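Consider the single chain below, provided in C-alpha coordinates and representing the form predicted alone.
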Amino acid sequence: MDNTKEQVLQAYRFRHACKEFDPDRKISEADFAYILETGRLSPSSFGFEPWQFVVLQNADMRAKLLPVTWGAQKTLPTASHFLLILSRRPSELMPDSEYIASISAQVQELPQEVAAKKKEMYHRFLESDFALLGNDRAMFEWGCRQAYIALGNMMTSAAMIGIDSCPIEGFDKEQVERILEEEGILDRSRLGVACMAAFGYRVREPRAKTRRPVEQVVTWVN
(Lines give C-alpha, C1' and ligand atoms only; values in the text may rest on other atoms or scores of the structure.)
Protein backbone atom coordinates (compact mmCIF):
# COMPACT_ATOMS: atom_id res chain seq x y z
CA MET A 1 0.00 0.00 0.00
CA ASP A 2 2.79 2.43 0.87
CA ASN A 3 4.44 1.63 -2.45
CA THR A 4 1.21 2.39 -4.31
CA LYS A 5 0.80 5.71 -2.51
CA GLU A 6 4.35 6.68 -3.39
CA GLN A 7 3.77 5.80 -7.04
CA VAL A 8 0.73 8.07 -7.13
CA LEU A 9 2.62 10.93 -5.48
CA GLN A 10 5.51 10.47 -7.89
CA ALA A 11 3.07 10.79 -10.78
CA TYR A 12 1.82 14.10 -9.38
CA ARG A 13 5.40 15.32 -8.97
CA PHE A 14 6.19 14.24 -12.54
CA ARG A 15 3.14 15.86 -14.10
CA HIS A 16 3.36 19.45 -15.30
CA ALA A 17 1.67 21.56 -17.96
CA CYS A 18 3.89 20.50 -20.84
CA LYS A 19 3.91 23.34 -23.37
CA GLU A 20 5.81 21.55 -26.15
CA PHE A 21 6.15 17.88 -27.01
CA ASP A 22 8.67 15.76 -28.88
CA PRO A 23 6.96 15.43 -32.28
CA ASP A 24 8.93 12.26 -33.06
CA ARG A 25 7.64 10.31 -30.05
CA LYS A 26 4.14 8.85 -30.26
CA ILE A 27 1.99 7.35 -27.54
CA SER A 28 1.14 3.73 -28.27
CA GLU A 29 -2.44 2.79 -29.13
CA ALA A 30 -2.68 0.66 -25.99
CA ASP A 31 -1.39 3.43 -23.72
CA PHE A 32 -3.80 6.03 -25.05
CA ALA A 33 -6.70 3.58 -24.83
CA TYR A 34 -5.79 3.17 -21.15
CA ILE A 35 -5.81 6.97 -20.67
CA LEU A 36 -9.22 7.30 -22.32
CA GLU A 37 -10.56 4.44 -20.22
CA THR A 38 -9.67 6.27 -17.00
CA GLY A 39 -11.68 9.22 -18.34
CA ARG A 40 -14.62 7.00 -19.28
CA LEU A 41 -14.65 5.44 -15.82
CA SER A 42 -14.60 8.80 -14.04
CA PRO A 43 -17.43 9.78 -11.67
CA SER A 44 -20.11 12.31 -12.57
CA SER A 45 -23.07 13.89 -10.78
CA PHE A 46 -26.00 11.45 -10.79
CA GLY A 47 -23.83 9.24 -13.02
CA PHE A 48 -25.04 11.13 -16.12
CA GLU A 49 -21.60 11.34 -17.82
CA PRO A 50 -22.12 14.74 -19.48
CA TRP A 51 -18.83 14.51 -21.38
CA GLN A 52 -17.80 13.42 -24.84
CA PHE A 53 -14.17 12.96 -25.97
CA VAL A 54 -12.88 13.80 -29.46
CA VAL A 55 -9.32 12.66 -30.25
CA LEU A 56 -8.10 15.15 -32.85
CA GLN A 57 -5.28 13.51 -34.84
CA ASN A 58 -5.94 15.09 -38.24
CA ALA A 59 -3.12 17.52 -39.02
CA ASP A 60 -5.28 19.74 -41.23
CA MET A 61 -7.90 20.11 -38.50
CA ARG A 62 -5.25 20.96 -35.95
CA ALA A 63 -3.93 23.64 -38.31
CA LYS A 64 -7.43 25.11 -38.70
CA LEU A 65 -7.80 25.41 -34.94
CA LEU A 66 -4.34 26.91 -34.38
CA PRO A 67 -5.25 30.57 -35.17
CA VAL A 68 -8.09 30.54 -32.59
CA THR A 69 -6.34 28.44 -29.95
CA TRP A 70 -3.74 30.77 -28.48
CA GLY A 71 -3.04 28.49 -25.53
CA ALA A 72 -1.94 25.60 -27.75
CA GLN A 73 0.45 27.23 -30.21
CA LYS A 74 3.19 24.69 -29.48
CA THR A 75 1.10 21.78 -28.24
CA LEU A 76 -1.31 21.52 -31.17
CA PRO A 77 1.46 20.93 -33.73
CA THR A 78 3.63 18.68 -31.53
CA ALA A 79 1.31 16.61 -29.30
CA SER A 80 1.15 12.91 -29.97
CA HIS A 81 -2.57 13.00 -29.13
CA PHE A 82 -4.81 16.07 -28.86
CA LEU A 83 -8.10 15.76 -27.01
CA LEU A 84 -11.22 17.92 -27.18
CA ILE A 85 -13.36 17.44 -24.08
CA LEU A 86 -16.97 18.32 -24.76
CA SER A 87 -19.81 18.93 -22.34
CA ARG A 88 -23.52 18.53 -23.01
CA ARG A 89 -25.75 21.53 -23.54
CA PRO A 90 -28.63 22.27 -21.13
CA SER A 91 -31.19 20.72 -23.50
CA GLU A 92 -29.35 17.40 -23.15
CA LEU A 93 -29.23 17.62 -19.36
CA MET A 94 -32.86 18.44 -18.65
CA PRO A 95 -34.68 15.77 -16.61
CA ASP A 96 -37.03 15.03 -19.53
CA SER A 97 -34.32 14.84 -22.21
CA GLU A 98 -33.77 11.76 -24.34
CA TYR A 99 -30.14 11.67 -23.21
CA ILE A 100 -30.97 11.47 -19.48
CA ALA A 101 -33.67 8.87 -20.17
CA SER A 102 -31.22 6.75 -22.17
CA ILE A 103 -28.59 6.88 -19.43
CA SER A 104 -31.11 5.81 -16.78
CA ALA A 105 -32.64 3.00 -18.85
CA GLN A 106 -29.84 1.72 -21.07
CA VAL A 107 -26.63 2.51 -19.19
CA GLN A 108 -27.67 2.37 -15.51
CA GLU A 109 -30.45 -0.15 -16.27
CA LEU A 110 -32.71 1.28 -13.57
CA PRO A 111 -36.17 -0.16 -13.01
CA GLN A 112 -38.87 2.28 -14.13
CA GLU A 113 -39.95 3.18 -10.60
CA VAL A 114 -36.36 3.82 -9.51
CA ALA A 115 -35.68 5.91 -12.62
CA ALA A 116 -38.82 7.96 -11.92
CA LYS A 117 -37.73 8.72 -8.34
CA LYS A 118 -34.23 9.60 -9.52
CA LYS A 119 -35.72 11.93 -12.12
CA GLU A 120 -37.73 13.73 -9.42
CA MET A 121 -34.64 14.08 -7.25
CA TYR A 122 -32.60 15.34 -10.18
CA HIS A 123 -35.24 17.94 -11.07
CA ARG A 124 -35.28 19.18 -7.48
CA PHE A 125 -31.49 19.40 -7.51
CA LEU A 126 -31.49 21.49 -10.70
CA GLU A 127 -34.40 23.68 -9.64
CA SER A 128 -33.64 24.46 -6.00
CA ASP A 129 -30.46 22.86 -4.62
CA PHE A 130 -28.14 24.38 -7.25
CA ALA A 131 -30.70 26.71 -8.92
CA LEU A 132 -29.51 25.85 -12.42
CA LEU A 133 -32.81 25.74 -14.28
CA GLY A 134 -33.31 28.77 -16.51
CA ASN A 135 -29.61 29.64 -16.58
CA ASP A 136 -28.17 27.98 -19.67
CA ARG A 137 -24.62 29.16 -19.07
CA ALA A 138 -24.60 27.91 -15.48
CA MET A 139 -26.10 24.61 -16.61
CA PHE A 140 -23.39 24.17 -19.26
CA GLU A 141 -20.65 25.05 -16.78
CA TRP A 142 -22.05 22.48 -14.35
CA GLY A 143 -21.47 19.85 -17.02
CA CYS A 144 -18.00 21.26 -17.67
CA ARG A 145 -17.07 20.93 -14.00
CA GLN A 146 -17.74 17.23 -14.24
CA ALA A 147 -15.78 16.96 -17.48
CA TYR A 148 -12.81 18.35 -15.56
CA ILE A 149 -12.98 15.34 -13.23
CA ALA A 150 -12.39 13.11 -16.24
CA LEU A 151 -9.63 15.45 -17.43
CA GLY A 152 -7.83 15.26 -14.09
CA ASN A 153 -8.05 11.49 -14.00
CA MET A 154 -6.67 11.19 -17.52
CA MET A 155 -3.73 13.48 -16.78
CA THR A 156 -2.89 11.53 -13.63
CA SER A 157 -3.17 8.15 -15.31
CA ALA A 158 -0.93 9.42 -18.11
CA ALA A 159 1.67 10.67 -15.63
CA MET A 160 1.72 7.30 -13.89
CA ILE A 161 3.07 5.70 -17.08
CA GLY A 162 5.46 8.52 -17.94
CA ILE A 163 3.27 10.40 -20.42
CA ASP A 164 3.10 14.19 -20.29
CA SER A 165 -0.01 16.32 -20.68
CA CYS A 166 -1.27 19.88 -20.77
CA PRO A 167 -4.80 21.08 -19.99
CA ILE A 168 -5.83 23.96 -22.27
CA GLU A 169 -8.42 26.71 -21.84
CA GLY A 170 -6.65 29.27 -24.03
CA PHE A 171 -8.99 29.35 -27.01
CA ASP A 172 -11.81 31.35 -28.57
CA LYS A 173 -14.72 29.09 -27.68
CA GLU A 174 -17.11 30.53 -30.27
CA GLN A 175 -14.60 30.29 -33.11
CA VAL A 176 -13.44 26.80 -32.14
CA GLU A 177 -17.00 25.51 -31.98
CA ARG A 178 -17.88 27.16 -35.30
CA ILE A 179 -14.93 25.45 -37.03
CA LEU A 180 -15.76 22.09 -35.50
CA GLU A 181 -19.40 22.45 -36.54
CA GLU A 182 -18.45 23.38 -40.11
CA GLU A 183 -16.25 20.30 -40.29
CA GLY A 184 -19.05 18.05 -39.06
CA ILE A 185 -17.24 17.20 -35.83
CA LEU A 186 -19.55 19.00 -33.39
CA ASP A 187 -23.33 19.28 -33.09
CA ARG A 188 -23.57 22.59 -31.25
CA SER A 189 -27.22 22.03 -30.37
CA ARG A 190 -26.14 19.13 -28.16
CA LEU A 191 -22.51 19.71 -27.15
CA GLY A 192 -19.99 22.47 -26.49
CA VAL A 193 -16.25 22.55 -25.87
CA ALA A 194 -15.40 22.41 -22.16
CA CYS A 195 -11.61 22.30 -22.50
CA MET A 196 -8.77 20.70 -24.42
CA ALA A 197 -5.84 18.51 -23.43
CA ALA A 198 -2.61 17.59 -25.18
CA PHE A 199 -0.65 14.39 -24.51
CA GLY A 200 2.84 13.33 -25.51
CA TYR A 201 6.44 13.33 -24.34
CA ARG A 202 8.33 16.38 -23.10
CA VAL A 203 11.23 17.87 -25.04
CA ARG A 204 12.82 19.43 -21.96
CA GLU A 205 12.63 19.07 -18.19
CA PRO A 206 10.36 21.56 -16.39
CA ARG A 207 11.35 23.74 -13.49
CA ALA A 208 10.71 22.40 -10.01
CA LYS A 209 7.03 22.17 -9.04
CA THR A 210 5.77 24.99 -6.82
CA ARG A 211 2.71 24.75 -4.57
CA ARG A 212 1.50 26.38 -1.36
CA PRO A 213 2.32 24.39 1.78
CA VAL A 214 -0.40 22.08 3.07
CA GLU A 215 -0.97 24.32 6.13
CA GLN A 216 -2.18 27.10 3.81
CA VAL A 217 -4.41 24.79 1.79
CA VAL A 218 -6.18 22.57 4.32
CA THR A 219 -8.48 23.57 7.19
CA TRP A 220 -9.54 20.90 9.67
CA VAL A 221 -12.79 21.20 11.60
CA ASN A 222 -12.74 18.63 14.43
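Since we're looking at a predicted model, the values are computed, not measured. One-based numbering along the sequence shown.
Unshown form predicted in complex with a small molecule; subsequent notes refer to it.
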>> Taking the small molecule as it sits in the predicted complex, is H16 in contact with it (heavy atom to heavy atom, 4.5 Å or less)?
In response: yes
> At the 4.5 Å heavy atom threshold, is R212 in contact with the small molecule in the predicted complex?
Replying inline: no
> With a 4.5 Å heavy atom cut-off, would you call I168 a contact of the small molecule in the predicted complex?
Replying inline: yes
>> in the predicted complex, is there a heavy atom of the small molecule that lies within 4.5 Å of any heavy atom of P77, even though the partner is absent here?
In response: no
> Based on heavy atom distances of at most 4.5 Å to the small molecule in the predicted complex, which listed stretch, 34 to 42, 180 to 188, 55 to 63, 160 to 168, is the contact stretch?
Replying inline: 160 to 168
